[in-house]
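Shown below, as structure tokens, is a lone chain in the form predicted on its own; questions about how it binds or moves come after it.
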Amino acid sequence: MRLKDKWALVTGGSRGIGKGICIGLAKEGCNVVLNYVGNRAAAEETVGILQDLGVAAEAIQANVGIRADVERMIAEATASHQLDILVGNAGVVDMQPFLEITPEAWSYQMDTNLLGSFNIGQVMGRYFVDNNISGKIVFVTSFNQEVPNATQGVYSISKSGIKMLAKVMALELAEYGINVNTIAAGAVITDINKKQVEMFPGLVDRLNKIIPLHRWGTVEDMAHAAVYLASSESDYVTGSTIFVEGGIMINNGMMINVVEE
């Protein structure tokens, strides 16, 4: 097992990609602190799955967009064990055409996605440095960090910001032996993009044609990349992005949010 006896904190870990990453880490022997913001039942269900895999697991509520919440969560998580890995996965999207974006929608997405990544990245980075831990930090972004989609402007901007945040962190934390990378996820059907699928009829089938591998991604696909970046196998990888998107970047996104006549 590549991560036996390590401890990871996974934000947004109760459902979707975060849940899949938690399970992938656990299968490699990693103990998990699962962060959630509101759905305690889903978090406890995921904790049970992880424990059934033979690892220690616990859930801590915190809104990553609130600095005090993040500091409390890290203090609570590290009171009884050392954290070795951070997977920043918490994220939200609000589908709005550019001319209809509201200040509230901007703040909602930026506070969780970009500010949340900064909060958790800086607090964990300081923890690693203060405790002389050669930690691994992984942020889950999206191929939208490179290619915007219609109605997903703020989301795309926030993900692009996380990409640069990770590069800045990788540059300045390298001397402490801390690796910082991102996973640019492709199309994966989770709670976060159900509205997108509903808004654009035929999107699932259209993407299956556009994506060179002719299928949507799975949470397991994302978990495989996270395990690699969390393990010693990626010790010489930092400031990089792994695109786990079936090759859709080859087609440059192809204006996926289009309703066929």
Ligand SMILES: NC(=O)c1ccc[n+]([C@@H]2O[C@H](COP(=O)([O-])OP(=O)(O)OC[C@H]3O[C@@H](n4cnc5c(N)ncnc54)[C@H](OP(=O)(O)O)[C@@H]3O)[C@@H](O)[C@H]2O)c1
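In this text, residue numbers run from 1 along the sequence as written. The model shown is predicted, which means the values in this text are computed figures rather than measured ones.
Although it is not shown, the form predicted together with the ligand is what the next lines describe.
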- Determine whether any heavy atom of Ser142 comes within 4.5 Å of a heavy atom of the ligand in the predicted bound form, and answer yes or no. yes
- Task: Answer for Phe128 alone: is it within 4.5 Å of the ligand in the predicted bound form, judged on heavy atom distances?
- Result: no
- Query: Does Ala185 reach the ligand in the predicted bound form, with heavy atoms at most 4.5 Å apart?
  - Reply: yes
- Contact flag, Val37 vs the ligand in the predicted bound form, heavy atom cut 4.5 Å: yes
- Between the options Leu229, Ala62, Leu50, Ala223, which residue brings a heavy atom to within 4.5 Å of the ligand in the predicted bound form? Ala62
- Judged by heavy atoms and a 4.5 Å cut-off, are Gly16, Ala90 and Tyr155 together in contact with the ligand in the predicted bound form? yes
- Note on the structure: Among 120 to 128, 165 to 173, 91 to 99, 76 to 84, the stretch whose residues bring a heavy atom within 4.5 Å of the ligand in the predicted bound form is 91 to 99
